[in-house]
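A single chain comes next, written as structure tokens; it is the form predicted alone.
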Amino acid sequence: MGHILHIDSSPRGERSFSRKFSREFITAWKNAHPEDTVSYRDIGQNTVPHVDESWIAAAFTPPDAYTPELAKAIELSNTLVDEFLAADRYVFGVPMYNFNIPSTFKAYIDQIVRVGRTFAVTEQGGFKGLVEGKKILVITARGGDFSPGSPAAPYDYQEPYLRAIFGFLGITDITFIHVENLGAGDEAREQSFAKAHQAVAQAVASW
């Protein structure tokens, strides 16, 4: 039995295409794997706070030295890290904003990238990810065509960043389904939807 952490980061509700296809995947996955469990967090409409000075102080203070203020400052981060580590697979719905991820998802990432929890500093001064043997599926929604070879491809900082930061934590098995070209008219959008439906079905069968 596996456990999936499903996160949506779009502030849009039913109009969100990243939500639409992440929900489609989870529904199909649960039908195919009824024994698996899913935890859901909506950080698009229930946002995670950005880190602040108190958070930083707490993150680099041993827990046995916490003041009540530091304990409170790091409380949500501890909850998010525990939730993240409890899953063995992740499904993230992530729209593209200005060639990258929305700040809602960046705030979440900043809360879970924690020294001693999700990565370690080695004696040689390097880094070691502590989250290994897990899988990520990222479903994006993009207004343009950022596929390899397209004119906009060099502006895609979304996929490279997500591969880098989760790879830093030790997760290298990352699959992307890009729902692209959504701003290019009805025909292009329908073609993109058809490809996304097919990609979701393939991911359910092979992930």
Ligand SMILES: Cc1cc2nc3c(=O)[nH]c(=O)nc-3n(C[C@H](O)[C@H](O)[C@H](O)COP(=O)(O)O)c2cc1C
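The first residue of the shown sequence is 1; numbering continues from there. All values derive from a computational prediction rather than experimental measurement.
Unshown form predicted together with the named molecule; subsequent notes refer to it.
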Quick check for you: of 93 to 101, 72 to 80, 129 to 137, 113 to 121, which stretch puts a non-hydrogen atom within 4.5 Å of the named molecule in the model of the complex? 93 to 101
Proximity of residue 25 to the named molecule in the model of the complex, heavy atoms at 4.5 Å: no
In the model of the complex, does residue 57 come within 4.5 Å of the named molecule, counting heavy atoms only? no
Flag residue 165 as yes or no: does it have a non-hydrogen atom within 4.5 angstroms of any non-hydrogen atom of the named molecule in the model of the complex? no
So, in the model of the complex, is residue 195 in contact with the named molecule at a 4.5 angstroms heavy atom limit? no
Stretch 7 to 24: residues contacting the named molecule in the model of the complex, 4.5 Å heavy atom cut-off: 10, 12, 15, 16, 17, 18, 19
